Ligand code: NAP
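Taking the form predicted on its own, here's one chain by itself in C-alpha cells.
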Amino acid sequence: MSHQPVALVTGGGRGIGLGICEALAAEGWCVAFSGLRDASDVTEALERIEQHGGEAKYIRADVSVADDRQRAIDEIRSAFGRLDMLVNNAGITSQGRDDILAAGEASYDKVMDVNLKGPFFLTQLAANYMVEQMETGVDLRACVINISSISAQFISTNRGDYCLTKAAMGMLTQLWASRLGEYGIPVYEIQPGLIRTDMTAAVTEKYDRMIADGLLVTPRWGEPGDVGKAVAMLARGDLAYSTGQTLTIDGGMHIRRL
C-alpha cells in the first residue's frame, strides 16, 4: 500500500485536469488520471506530473462506460492499494453546438452520459471503496471534488445539454456531501470560468474581445493552474467544515455589475 495519499483525476491528461494533477503532485500526492487517449499520447502529461514530485499512473477509461469505471477503481486498488480522493473533471461540450431549437438526442445523451452519469456512478464506486478502507482502519485523506463550469450559471443556447449537466453537478455535490457526511468525506464543487485550454481554443478571439470589454473583474484568462491550486487547497482539508459548497474560479465573472 502506498504511504502517500492517492487521487484519481478523470480527464487528467490535458487542460484543467492536468493542472489539477500537477498541483496535487506538488503537494505530495500520487496521481492516477484517466482519459480516452492511447498511453503513448500521454507521455508528456506523465512526465509533467512526475516533475512535480508525484508518482503518476495513466488509466485509459471512458467514464460513461460502467466497465471502464470499475476497471479504473480496480487498477488503482492494484497499483496503490488505496484511494483518498476522486476529482470528477472529465467532460465534453455539446457535439455540434447546435441551437436548442435543432439539437438532437444523440448529442444530448452522450453529453449526459459523460458529464453527469459518469461522475455520479464513479463517485458511488470511489465512495464505497473509501468507506471500505476506513472500516479496515486505513487513515485516509478522503475527499470528492466535482469540476463543473460557470455554465452552471451562464446559459448558452447552442450548448443546452452541456449547461444542464453543469447545473446538475451542484445537486450531485450536495447529494453526495449529505450521504458521505457520516463518514467524514467532504464533497465540493468547483466552477471554473474562462480557462485557457484545448476546449476554449476555438473561441479565444471571441473571449479576448469580451475580456477587453470588461467581462471579468480580474481581466485575464484563467489558467489550469488556477483550478489546480483550488483543488490542492481542498485536498489539504483547508475547508473541511464547508462540505457541499461551491468554489467559483472565474475572475469575478459571476458578479452582477451595472
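Since the model is a prediction, treat every value here as computed from it, not as a measurement. One-based numbering along the sequence shown.
Another form, the form predicted in complex with the ligand, is not on view; read the next lines as being about it.
K.L.:
Sort through Leu36, Met233, Ala66, Met210 and report the residue having a heavy atom within 4.5 Å of the ligand in the model of the complex.
P.N.:
Contact check passes for Leu36.
K.L.:
Scan Val187, Leu83, Ala90, Ala72 and let me know which has any heavy atom within 4.5 Å of the ligand in the model of the complex.
P.N.:
Checking each option against the ligand in the model of the complex, the one that comes within 4.5 Å is Ala90.
K.L.:
Evaluate Thr218 for contact with the ligand in the model of the complex, applying a 4.5 angstroms cut-off between non-hydrogen atoms, and reply yes or no.
P.N.:
The answer is no: Thr218 has no heavy atom within 4.5 Å of the ligand.
K.L.:
With the partner left out of view, is Ile145 within 4.5 angstroms of the ligand in the model of the complex by any non-hydrogen atom?
P.N.:
Close contact is absent here: in the model of the complex, Ile145 is far from the ligand, nothing within 4.5 Å, heavy atoms only.
K.L.:
Residue-level question: is Tyr162 within 4.5 Å of the ligand in the model of the complex, judged on heavy atoms?
P.N.:
Taking the distances in the model of the complex, the answer for Tyr162 is yes, it comes within 4.5 Å of the ligand.
K.L.:
Ile16 versus the ligand, in the model of the complex: is there a non-hydrogen atom within 4.5 Å?
P.N.:
Yes - in the model of the complex, heavy atoms of Ile16 and the ligand come within 4.5 Å of each other.
K.L.:
Tell me whether Ala32, Thr123 and Gly228, taken together, all sit within 4.5 Å of the ligand in the model of the complex, counting heavy atoms only.
P.N.:
Per the other structure, none of Ala32, Thr123 and Gly228 touch the ligand.
K.L.:
Looking at 73 to 81, 129 to 137, 91 to 99, 173 to 181, which stretch has residues with any non-hydrogen atom within 4.5 Å of the ligand in the model of the complex?
P.N.:
Result of the contact check: 91 to 99.
K.L.:
Any residue of 185 to 202 with a heavy atom within 4.5 Å of the ligand in the model of the complex counts; write them all down in order.
P.N.:
Contacts from 185 to 202: Pro192, Gly193, Leu194, Ile195, Thr197, Asp198, Met199, Thr200.
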